[in-house]
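Presented below, as structure tokens, is a lone chain in the form predicted alone.
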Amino acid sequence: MTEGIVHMFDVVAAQGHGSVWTVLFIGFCFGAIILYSRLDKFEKMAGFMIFEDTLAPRMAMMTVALSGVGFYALVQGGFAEYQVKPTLLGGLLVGAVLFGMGLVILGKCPSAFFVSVSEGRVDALVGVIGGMVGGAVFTLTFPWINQLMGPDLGAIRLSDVLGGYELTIVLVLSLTLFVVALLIPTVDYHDPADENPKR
């Protein structure tokens, strides 16, 4: 097991995304933001689904808007590069439905599971175990699942379809998401457990 953990760190270091310490620091920052905003709580996501909390969509839109412009600047500066995944319509549609079902049932996205586990939440631990089982099933049945993926349409980008205009596309989409995030009314679901924590 120890060798496996060491190998995992070696793989991360060899991918050229920065040192292991940089990756860990970014991970800790991400976890701190999730904990501060309470987006790791089932009640927050459930509140969004029943229109009693708008933090999740406002935060997601604002994050994509700002990171879109920032990532474009990094690519143009030579500090990052696009790695567009191939378009497999069958796999994308089935995966999107399964992802949505898991999101609604468990009340959080996969990245927030580990933050919740660090708080000792059993529901998140069940989700993590379920994800690992699902990954194992996917690996074992991949030859059969691969037939459902559909044809590989290649790495499709809007700029390829429209004949360029990368900067315009980035600015229009980012500005649209930014404005919509500002226009969505602020509605916060207050969990009684947060207001009256157990002593």
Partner chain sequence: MPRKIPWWAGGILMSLLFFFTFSEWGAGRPIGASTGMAYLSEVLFGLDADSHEYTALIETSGAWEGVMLIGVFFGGLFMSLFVTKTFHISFIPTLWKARKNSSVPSRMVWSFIAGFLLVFGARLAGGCNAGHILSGGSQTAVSGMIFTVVALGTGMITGRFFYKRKGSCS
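Positions refer to the first chain, counted from 1. For clarity, every value in this text was computed on a predicted model and none was experimentally measured.
Just so it is clear, the following notes concern the form predicted together with its partner chain, a form of the same protein that is not shown.
Heavy atoms of G135 reach within 4.5 Å of its partner chain in the predicted bound form, making it an interface residue. Within this chain, P143 lines the site of its partner chain in the predicted bound form, having a heavy atom no more than 4.5 Å away. Although the partner is absent from this view, L175 stays clear of its partner chain in the predicted bound form, with no non-hydrogen atom inside 4.5 angstroms. Within this chain, E52 lines the site of its partner chain in the predicted bound form, having a heavy atom no more than 4.5 Å away. Scanning 93-117 for heavy atoms within 4.5 Å of its partner chain in the predicted bound form gives L93, V94, G95, A96, V97, L98, F99, G100, M101, G102, L103, V104, I105, L106, K108, C109, P110, S111, F113, F114, V115, V117 in sequence order.
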